[in-house]
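Single chain ahead, by itself, as structure tokens, in the form predicted on its own.
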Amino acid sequence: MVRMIMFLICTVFAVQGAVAQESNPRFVRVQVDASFFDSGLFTYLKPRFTLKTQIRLERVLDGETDLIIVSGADTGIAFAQRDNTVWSVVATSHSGAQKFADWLTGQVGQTTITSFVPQTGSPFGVPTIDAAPVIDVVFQGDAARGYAAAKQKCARCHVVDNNRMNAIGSTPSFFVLRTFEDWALRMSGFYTLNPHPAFTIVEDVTDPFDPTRPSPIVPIIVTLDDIENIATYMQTLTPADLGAEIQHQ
């Protein structure tokens, strides 16, 4: 009898958990075409979409799915192309899935796709006659809080303001980073770019470090709001004039 009661309780909790997950607008289960996933583009897109929307994407291989990325242009809406292969997105009525589909096929998503540099193979384009539009990304966080977060979390390696002490000389300053055309995309997903994954944790986005392989240094723990605020602060900075003469002090 006790075992039967425990079984029924576990069953109820399992059903409740499944229903809660299905109705969670900030969690999207994505079935991804194998060749698209192997290219690395899905991994590149995930943190950049999550940063702007705080909606998490998780790849699933079977079971319930909220959105599918499929090879071919006959199903769904085409959003990416590589050589002769086109990928399309098919979303359910799940609100988070709809937002991801809209982002993929919108201007920001299309620009993000074309900015991806794969480790092997051809770059990705968008399945249109004209090139993807290049747009300016505008961050709308709190610049003051971003400055405070940058001093606390970034200044041990980067120069973040006019105080050039206590940074690592081999790392670019925020002012130099602002000279990059894709600085906004770099900043949005900085924690995916080496060496940051080795010591950075983004709450509710990245997995915790394996206890058997801890961070080599004191970890940097940030939230999506922190990243938005830091990027907003960087947005206020004047890019370095790399053609100017070096001022000796």
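One-based numbering along the sequence shown. Everything numeric here is computed off the predicted structure, so don't read it as measured data.
The protein also exists as the form predicted in complex with heme C (HEC); that form is not presented, and the subsequent description refers to it.
- Under a 4.5 angstroms non-hydrogen atom cutoff, heme C (HEC) in the predicted complex lacks Pro118 among its neighbouring residues.
- Contact annotation: Pro208 falls outside 4.5 Å of heme C (HEC) in the predicted complex, judged by heavy atom distances.
- Among heavy atoms of Lys52, none comes within 4.5 Å of heme C (HEC) in the predicted complex.
- Not displayed here, heme C (HEC) is approached by Thr171 to within 4.5 Å at the level of heavy atoms in the predicted complex.
- Comment: heme C (HEC) is not present in this chain, but in the predicted complex one of Ile220, Leu224, Leu45, Val30 has a heavy atom within 4.5 Å of it, namely Ile220.
- Just one listed stretch, out of 70 to 78, 105 to 113, 90 to 98, 174 to 182, contacts heme C (HEC) in the predicted complex at the 4.5 Å heavy atom level, and that stretch is 174 to 182.
- If you take 180 to 213 and check each residue for a heavy atom within 4.5 Å of heme C (HEC) in the predicted complex, you get Arg186, Met187, Phe190, Leu193, Asn194, Pro195, His196, Phe199, in sequence order.
- In comparison with the shown form, the Cα-Cα distance of Trp183 and Val89 decreases by at least 3 angstroms in the predicted complex.
- Figure legend: C-alpha atoms of Leu193 and Ile113, shown here, are separated by at least 3 angstroms more in the predicted complex.
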